[in-house]
Structure formats: C-alpha cells, structure tokens
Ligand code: YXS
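The chain below stands alone, shown as structure tokens; this is the form predicted on its own.
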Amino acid sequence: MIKTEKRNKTGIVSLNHPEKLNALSQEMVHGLVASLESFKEDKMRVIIIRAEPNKSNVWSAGHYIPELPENNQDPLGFNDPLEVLLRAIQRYPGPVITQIHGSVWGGACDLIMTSDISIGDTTTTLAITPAKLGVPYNASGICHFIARLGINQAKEMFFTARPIDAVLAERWGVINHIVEEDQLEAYTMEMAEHIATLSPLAISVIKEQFRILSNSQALSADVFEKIEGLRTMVWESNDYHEGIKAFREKRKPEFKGE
C-alpha cells in the first residue's frame, strides 16, 4: 500500500492501493506513520507525500468508511489512526510537501491541510465530505481548515461538501502552486531539494514555532466539554448510522436531522 524512496536528503512516500482508491485505512495509515518514523531516523530533511498514478485519477478517497465505528463511539477520536498520522506530519522535524495529482476526498483533504506545502496540477480537486455521511468532524480538523483557508472558505467547503478545483484551491491558499501534469514531479522535487540545502536545524525550529503559535488559542474546560457534547449528539444519532449504512449499500442517504 505504501512505496518509499530516498533521494539525497528527501524522503518520498507514495500511496499505492488503487483497488481502494488509496483510502486511508488503518493499515495504510500505519504504513505512512512508520515511513515518517523511518525517515526521521535517517535524518531526511524534507518529505514528499504523493500517490502512484491510477486509472481513477484519485489521489485518495479519504477515510476508509467501512472502518468507521457504528457502536456509538467517536469516529474521529484522539487515537484514531488518521489523527495520529496528522500529528506525525505536524511534528516531523522538516517540511512535509504534498504532491497532488487527481481528486482528494474527506480525511485525505485534512492531510493536505496539515502538510506544510502543497503542489498540485490542473487535475487537482479537493473536497471535505463529513456532511455527506453525517459524521461530526472533530475540532482539531476544523482548526486545520480554518488555519489554511480562513473561516468563510472553510465553512463553504464543509457545508457544501463540493470539490474545489485547482484554480480555486490556489486562490484560497490550499495549494501553493499549480503546475502542468508533466512538470509536477520535477517541480516538487526541485523545491524539496532546494529546501534540503538550507539549515535543517533552523527549519525544524521554525516549523515547530508555526505549530505552537497556530495552536496557541486556549479553550476553557466548559468550551471543550460543549464541543465534545455536540459531537457526541451526532455520532449517536440516526443520521450518522444512516450515512454509514447508505455508503455500504451504495445509495444516497436519507437524513432526517435526528
């Protein structure tokens, strides 16, 4: 499911499970986390996360829906494998660049938001889709989108669940650059190799400062408990179970707001 490669001081991780549209299953996510740990031990200064080409032109379909819990448990809790991966990306001591060809859905869109730099081509589209499944997205994930987009654009992406194309994604600051398909790999690699020539210690410290400062707004205990209470109301609802059931049955869900 995962291919890894080292080029000088750059570690490259490629998603490679086209049969499941590179959905972020527990197995795939564990492989990604392990790859980051291995690259850290080898002192890789920059990481590129990309996807192997596939016929469906999907970078990743996002969370692997069959693994979401149906027994009134938090579907996106602190120890969820995807949440562990996102924290690993944030805490990696060098820049993590996402190289995007094709469509990005759901939790994979959060991965893009959490990465340090994103480079896409003209095929790139991104959508965050918990509203299609009745999933109560978590506070940390929403903060990732607000930090990258601003609150107005973040609301639009969550409330409509519609994909945005590469041009809009660049305008909104989701991706840093749009390049032609045949230039994507070379452009991304050139940036990674350039960053790798700079001071790794300075960049590591600067990245950690970005992480700390962007997460510096404290929540009171009351506010945190209210957020958790609101989310619990959703994952225990009929709508949540209907969304998962409809996905399994390959039909459109019938949400009733209950």
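Source: prediction; values computed, not measured. When you see a residue number, it is the position in the sequence shown, counting from 1.
Below, we refer to the form predicted together with this ligand, which is not included among the displayed structures.
Of the candidate stretches 185-193, 55-63, 37-45, 199-207, only 55-63 has residues with heavy atoms within 4.5 Å of this ligand in the model of the complex. Note on contacts: among 166, 133, 179, 88, the single residue with a heavy atom within 4.5 Å of this ligand in the model of the complex is 133. In the model of the complex, this ligand sits beyond 4.5 Å of every heavy atom of residue 94. Although the partner is absent here, residue 153 sits far enough away that none of its heavy atoms falls within 4.5 Å of this ligand in the model of the complex. Within 4.5 Å of some heavy atom of this ligand in the model of the complex lies at least one heavy atom of residue 20.
In the model of the complex, no heavy atom of residue 33 sits within 4.5 Å of this ligand.
Residues 105, 106, 107 of 86-111 are found to place at least one heavy atom within 4.5 Å of this ligand in the model of the complex.
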